[in-house]
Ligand code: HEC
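Shown here is one chain on its own, the form predicted on its own, set out as structure tokens.
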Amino acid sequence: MRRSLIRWSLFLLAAAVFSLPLVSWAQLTKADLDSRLKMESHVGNITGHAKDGAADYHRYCEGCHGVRGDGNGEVAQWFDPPNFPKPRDFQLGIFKCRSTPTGTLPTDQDLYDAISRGFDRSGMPIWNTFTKQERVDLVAWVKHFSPRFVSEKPGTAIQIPPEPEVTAERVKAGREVFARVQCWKCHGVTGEANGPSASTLQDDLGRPIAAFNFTEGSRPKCGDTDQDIYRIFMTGLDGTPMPSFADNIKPDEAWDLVFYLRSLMREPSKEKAIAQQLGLKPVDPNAPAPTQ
């Protein structure tokens, strides 16, 4: 009996000791967030203040992204990847849509654009009902969730060269780039997100994620201009299987790829008309790898 009491006492002591770091961690987490309440953002000539964005975040964003910006809001449990991705965990400081190189922080303008644009095929709507000042304040509030914005500076935005004229040669060359860097493995040979790797894709947190379907008519995640699509190739979508191709394709080749992808999209375009005139067929995965 005495031995049992001693064992039970030791168990309670161990439980108490091991629970201390957890309590301290929770307190430190709140203190850590509070230490960044003076976070600012700068978009154009507007300065945002984290504290001024708190009320709008609490009312409109907290239900999905959570009180502490960890993506665990009350309604996050109803998000069902891959077709309905989980809310972003702002504490990680990892963002898909950036103008900056892979692995670096986005600029304040990048975060502002994401809030303003929203994301198709997700629970993130367009928040253009906010004033510019309110959006810039929200950017500062989003930044305050991650210590990365204290210890690191945003990357330098990549330079996008002028868009060349669309030609048949460029559309055909884009098809070759699509084959060479094996875009078809995820996006499929016709761009329908049905490639051999599509069903296995996961984000960095191990959750299923869907490749973009170019044929269904929805907007690309990070914007639908040619420049937006070019930028995705060269920055990648951090936190996802979509890498940066900055070291694999040249700027001219990136433009060629933009034009070829336009030919796969549902919307009428000059690129689509050219591909139809050429009778351009989908890439053949079994063909010999094209040489650079």
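Just so it is clear, the structure is predicted and the values come from calculations on it, not from any experiment. One-based numbering along the sequence shown.
The same protein also exists as the form predicted in complex with ligand HEC; that form is not shown, yet it is the one meant from here on.
Original post:
So which of Ala173, Ile160, Cys186, Val166 reaches within 4.5 angstroms of ligand HEC in the predicted bound form, heavy atom to heavy atom?
Top reply: Flagged contact: Cys186.
Original post:
Of these, Ser122, Thr104, Gln91, Thr107, which has a heavy atom no more than 4.5 Å from ligand HEC in the predicted bound form?
Top reply: After the contact test, the surviving option is Ser122.
Subject >> Lys96 within 4.5 Å of ligand HEC in the predicted bound form, heavy atoms >> reply: Although ligand HEC is absent here, Lys96 would touch it in the predicted bound form, with heavy atoms inside 4.5 Å.
Subject >> Any non-hydrogen atom of Pro85 within 4.5 angstroms of ligand HEC in the predicted bound form >> reply: Yes, Pro85 sits close enough to ligand HEC in the predicted bound form that at least one of its heavy atoms falls within 4.5 Å.
**OP:** Answer with yes or no whether Pro243 is in contact with ligand HEC in the predicted bound form, where contact means some heavy atom within 4.5 Å.
**Re:** Contact check for Pro243: yes, within 4.5 Å of ligand HEC in the predicted bound form.
Original post:
Might Phe149 be said to contact ligand HEC in the predicted bound form, defining contact as any heavy atom within 4.5 Å?
Top reply: No, Phe149 is distant from the partner.
**OP:** Tell me whether Leu138, Lys221 and Ile232, taken together, all sit within 4.5 Å of ligand HEC in the predicted bound form, counting heavy atoms only.
**Re:** Yes, all three are in contact.
Subject >> in the predicted bound form, residues of 205-225 near ligand HEC [heavy atom within 4.5 Å] >> reply: In sequence order, Ile209, Ala210, Ala211, Phe212, Phe214, Pro220, Lys221, Cys222 come within 4.5 Å of the partner.
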